[in-house]
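The data below hold one chain only, encoded as structure tokens and taken in the form predicted on its own.
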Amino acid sequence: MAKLAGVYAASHGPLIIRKWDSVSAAHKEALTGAFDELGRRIRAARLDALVIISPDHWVNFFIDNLPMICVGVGETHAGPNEPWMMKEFPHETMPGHPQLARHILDTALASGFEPSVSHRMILDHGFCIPLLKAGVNPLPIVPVVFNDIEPPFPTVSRCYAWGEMLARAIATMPGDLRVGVLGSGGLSHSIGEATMGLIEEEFDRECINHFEQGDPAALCEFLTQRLPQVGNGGSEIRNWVAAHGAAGGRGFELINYSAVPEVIVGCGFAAWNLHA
């Protein structure tokens, strides 16, 4: 059977690419070091496939068709179509893993989830920035889109349950695959709101503490209460919650946290110790 070989989380703010030259030397060093360490850990895990959980930033979906969860089951996926990402990202297409994706889909349906399905998904900056900045050559990818963009959102506890289901799916997948899970997005930031540019550093650090402690119930309660009170970009923390569920609620190890005003994001990077 397949093995869950690594669980990770990373921020993906667009200005990490678009305004990189405007980032201070200290923040460049922190972000570069965090992405480098993330890449080192992913390579060390010797993954055969990577499940990436990220929002869709109005690339595949819009408000006329906005699934709560969508699984990409294609043989291949298109690379980012954002002009500023196309200049930097070296791959027009990325390999999928349809067998693993289909097994995840079947397990989800058997577990009471009803995700949408895409046979060819465009992977925007949310999927591609962590791969690019961490220096990870495209592994076969199973993209999972969470609606973190426009309410109503999936509940925090439902996102944790999705992660638990994902772990079961990987554990029952035939073959010797080594599979990783990456939650992409967050931490606090605000896009297109009056508070745009505000980073809720106190919230971010309290959130990180809950992930480090590992208690799923306390984490879900905290985020259910607090996410509506922080910038709309904070909703992407749901992707980290799913990763937490996949890791069985074990506390994670923070690689780095930096509140980076130049990219208007509280940037966090972490990996879960699956053997704790």
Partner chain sequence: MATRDYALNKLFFDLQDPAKAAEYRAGRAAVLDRYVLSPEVRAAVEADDVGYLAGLVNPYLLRFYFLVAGMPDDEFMKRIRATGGPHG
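Positions refer to the first chain, counted from 1. None of these values were measured; they are calculated from a predicted model.
Beyond the structure shown, there is the form predicted together with the partner chain, which is absent from this document and is the topic of what follows.
Highlighted residues Gly135, Gly248 and Phe269: none comes within 4.5 Å of the partner chain in the predicted bound form, counting any heavy atom. Shown without its partner, this chain lists Val23, Ile255, Ile264, Ile17 as candidates; in the predicted bound form, only Ile264 has a non-hydrogen atom within 4.5 angstroms of the partner chain. The partner is absent here, but in the predicted bound form a heavy atom of Pro152, alone among Pro90, Pro174, Pro152, Gly112, sits within 4.5 Å of the partner chain. With the partner chain left out of view, the stretch that reaches within 4.5 Å of it through heavy atoms in the predicted bound form is, among 98 to 106, 71 to 79, 114 to 122, 192 to 200, 192 to 200.
Although the partner is absent here, Ile63 sits close enough that one of its heavy atoms falls within 4.5 Å of the partner chain in the predicted bound form. Contact between Val230 and the partner chain in the predicted bound form is found at the 4.5 Å heavy atom cutoff. In the predicted bound form, the partner chain sits within 4.5 Å of a heavy atom of His57.
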